[in-house]
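The chain below stands alone and is given in structure tokens; this is the form predicted on its own.
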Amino acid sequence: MTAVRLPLESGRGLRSAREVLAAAWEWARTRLFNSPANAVVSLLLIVLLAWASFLFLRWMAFEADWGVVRTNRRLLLVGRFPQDQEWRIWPVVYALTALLGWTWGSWGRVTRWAAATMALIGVLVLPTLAGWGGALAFLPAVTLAALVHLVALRLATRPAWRTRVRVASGVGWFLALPLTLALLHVRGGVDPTLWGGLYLNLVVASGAVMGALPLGIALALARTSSFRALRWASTVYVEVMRGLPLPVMLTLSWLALRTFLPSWGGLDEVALVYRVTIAFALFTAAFIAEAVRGGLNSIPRGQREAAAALGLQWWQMTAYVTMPQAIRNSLPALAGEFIGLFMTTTLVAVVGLTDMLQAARGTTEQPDFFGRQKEVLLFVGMLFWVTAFALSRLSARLERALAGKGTRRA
């Protein structure tokens, strides 16, 4: 048998470590300590950051009382949703995690740093904040997402399957919200006033995105149209919506939107959650229109002239030439709008709905948890950050793939 030499015996592991340290020192020497002034400032900042991190970790590990999160985690996640109706929620959780894994696998692999970060959150952070029961409840969903990710990643490496896998991810996200609403209303349903917590934030944000994206694209096309009436109407809409504060829009959706809805089919009696979602969609569409308009203006005029010379009609030129490039060019701005929309869904508390932030405020009013605002707000902030970070990384992967740069790590 051939003897297997350990890395330390051959020196490869030691040399590799030395190379890493040498590269790190070279980076620090050229970026942080390239002058006496920069060296002093860098040392001060490193000391302050290390001291702040030490204080924060010490408080988090030894002084904080995470009982407020473990006791109220259900209120933070689903609000006052009836406990005997939770079977309507878990299929959505599994579907969303599977979709996230599939989409990430179809557009690129999960990097080692991302996997290490998620493992750290899953092994150390979630059990500390939500207890082992809360962490283990999501273990099947995480396992399903990992398996689906590997399948999509394997299929996406085959040129014949790559387009199909990516189209399947888009269709899945398009069907996610109808599936959620169907489960919420089938067999008697659950009163929308009982929806709450993180679940309410996700439902409102998803519905607003599905309404705002096509409306924003239509407004962008109208603003670049040669028809003066369409251009003026879309300009007025965008400027009015951009000038209105979002809380005013939400209050109007609460008090006045039913007045403008038709009575047929009971639309004038639509629940407050849906009216708020419509307000978010109308408001966000104005900003999406400006982002897409910027993408349209970035396309060289010669491409439109070439498409017209080939005999393409307007809708063909828009569908096959200009709009794909505009969406690709405006993707960073669109991702920022979607993340900002998710963050601003906390404003639903203005009209009396109980989102995750409002539920967090309510937990600190319990006699057993007076003065524990820091723990519960940190947990809420972590959930928002994890969701926003996942969306930003996914949009970055999508941007690089559409730009033809493959799935190389940033």
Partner chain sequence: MTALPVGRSPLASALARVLAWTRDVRVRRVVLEAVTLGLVAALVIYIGMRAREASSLNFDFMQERAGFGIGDQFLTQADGSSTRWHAYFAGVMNTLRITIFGILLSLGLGLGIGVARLSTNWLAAKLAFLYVEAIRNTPLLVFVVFCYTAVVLRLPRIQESASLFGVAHFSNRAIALPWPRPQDGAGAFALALLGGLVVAWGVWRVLARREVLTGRPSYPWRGALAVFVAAALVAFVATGMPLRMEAPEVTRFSYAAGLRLSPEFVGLLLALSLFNAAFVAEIVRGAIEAVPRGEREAAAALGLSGWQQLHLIVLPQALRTMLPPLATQCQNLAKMSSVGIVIAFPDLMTVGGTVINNSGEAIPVFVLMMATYFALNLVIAFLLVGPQWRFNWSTGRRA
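Everything quoted here is computed from the prediction, not taken from an experiment. Numbering follows the first chain given and starts at 1. If you superpose the two forms and keep the largest set of C-alpha atoms that fall within 1.5 Å, you have the rigid core.
The discussion below concerns the form predicted in complex with the partner chain, not included here.
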One residue of Y320, F174, W90, F227 in contact with the partner chain, assessed in the predicted bound form (non-hydrogen atom, 4.5 angstroms) | F227
Contact residue in the predicted bound form, from P214, P245, P300, G170 (heavy atom within 4.5 Å of the partner chain) | P245
If you check in the predicted bound form, do R18, W314 and S395 all have a non-hydrogen atom within 4.5 Å of the partner chain?
-> no
Touches the partner chain in the predicted bound form: N34 (any heavy atom, 4.5 Å) | yes
Mark R361 yes when one of its heavy atoms lies within 4.5 Å of a heavy atom of the partner chain in the predicted bound form, and no otherwise.
-> yes
Is F384 one of the residues lying within 4.5 Å of the partner chain in the predicted bound form, judged by heavy atom distances?
-> yes
Would you check, heavy atoms only and a 4.5 Å threshold, whether E239 touches the partner chain in the predicted bound form?
-> yes
Within 347-374, which residues have a heavy atom closer than or equal to 4.5 Å from the partner chain in the predicted bound form?
-> L347, A349, V350, L357, Q358, R361, G371, Q373, K374
Can we say the CA of W59 moves by at least 2 Å between the shown form and the other one when the core is superposed?
-> yes
For G371, decide whether the Cα shift between the shown form and the other one is 2 Å or greater, given a superposition on the rigid core.
-> no
When you overlay the rigid core, is the Cα of Q358 off by 2 Å or more between the shown form and the other one?
-> no
